[in-house]
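Before any questions on how it binds or moves, here is one chain, the form predicted alone, in structure tokens.
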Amino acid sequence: MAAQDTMTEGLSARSGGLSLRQRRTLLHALIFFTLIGLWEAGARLGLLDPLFYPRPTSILNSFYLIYIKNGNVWFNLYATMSLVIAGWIGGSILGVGLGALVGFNAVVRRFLKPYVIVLEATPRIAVAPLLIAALGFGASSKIAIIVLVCFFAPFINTLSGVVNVNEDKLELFRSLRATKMQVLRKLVLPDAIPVIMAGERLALTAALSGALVAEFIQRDQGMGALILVYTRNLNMASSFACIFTLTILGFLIFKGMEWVDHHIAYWKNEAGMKRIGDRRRRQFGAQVGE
């Protein structure tokens, strides 16, 4: 162990004292700025069509225009994110609830699972016009599309987590005459939560795509409608600014869900166990001090 620490310190010293994470961050930054520089140079030299591939400096200027000078992106961003949150909550409740029901009940699983699989195999983009025809234009049909997009990942992951519970532990709980609620709270949920959270992470990321699909179809408000307006007017720099906004937003959503997963399913990682252990030791020390 001491030899390994010495080797690590030696490597850090030879690399200027930077940690492995810092070196990787610098490498990614170098690659990113190199690609941006090549893009800018290609556009200025005429190697790229500026109509379809605007210069990065023009895109940066468009960020200033849509966020500060004109400020027209804020309302559309709010409209899109409102749909994303509402649809994700609805899809999560439906997916987790139905997944738990199907997982716990073999009869329901036998009859309902094939229909869910058939629905999953159906392209959601093909169902979107039917939902709009049934619910009309407006927020309700958009949310229904997002719910449909978000439903499957929580459903499949919850079903997998409930069905694949540890058989030895389940037999032990049954031998101790545990109730179904105790089995659910003490065994199934702790085992299934990491899998469920992985499904929720995918669902929230997919919700953003579902919102854009709904806005592309209805074209009334939201980031999808704004991108269509800019593209139709051949304002590609502002279109790219909107797309990069959604890219950054999707990345932040994914990393935020990873953080939530890390703190909810703390028993699945060493850092989480250490954090909870330290907290309980502090609480115990405070109680003893009193």
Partner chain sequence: MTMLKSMMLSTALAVTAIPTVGFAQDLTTVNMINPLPRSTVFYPLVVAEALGYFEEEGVEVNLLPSDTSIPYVAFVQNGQADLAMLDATETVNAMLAGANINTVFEVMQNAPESVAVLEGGDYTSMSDLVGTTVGLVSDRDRAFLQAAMSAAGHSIDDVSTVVLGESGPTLASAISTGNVSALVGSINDWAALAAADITLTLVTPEELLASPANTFAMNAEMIEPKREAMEGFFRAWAKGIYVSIDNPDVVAEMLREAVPEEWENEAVGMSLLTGVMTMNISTTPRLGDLQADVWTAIQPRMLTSGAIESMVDVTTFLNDTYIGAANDFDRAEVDAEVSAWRAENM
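Positions refer to the first chain, counted from 1. If you're wondering where the values come from, they're calculated on a predicted model, not measured in any experiment.
A second form of this protein, the form predicted in complex with the partner chain, is not displayed here; the remarks below concern that form.
Site residues I66, N72 and A133 are all in contact with the partner chain in the model of the complex, judged by any heavy atom within 4.5 Å. A residue is said to contact a partner when one of its heavy atoms sits within 4.5 Å of a partner heavy atom; L27 fails this definition for the partner chain in the model of the complex, lying far away.
Taking non-hydrogen atoms only, V96 never approaches the partner chain to within 4.5 angstroms in the model of the complex. In the model of the complex, at least one heavy atom of D220 sits within 4.5 Å of a heavy atom of the partner chain.
By the criterion of a heavy atom within 4.5 Å, M236 is counted among the residues contacting the partner chain in the model of the complex. Proximity to the partner chain in the model of the complex, taken as a non-hydrogen atom within 4.5 angstroms, holds for one residue of L45, I248, L51, L35, which is L51. Picking from 210 to 218, 177 to 185, 111 to 119, 158 to 166 the stretch near the partner chain in the model of the complex, with a 4.5 Å limit on heavy atoms, gives 210 to 218.
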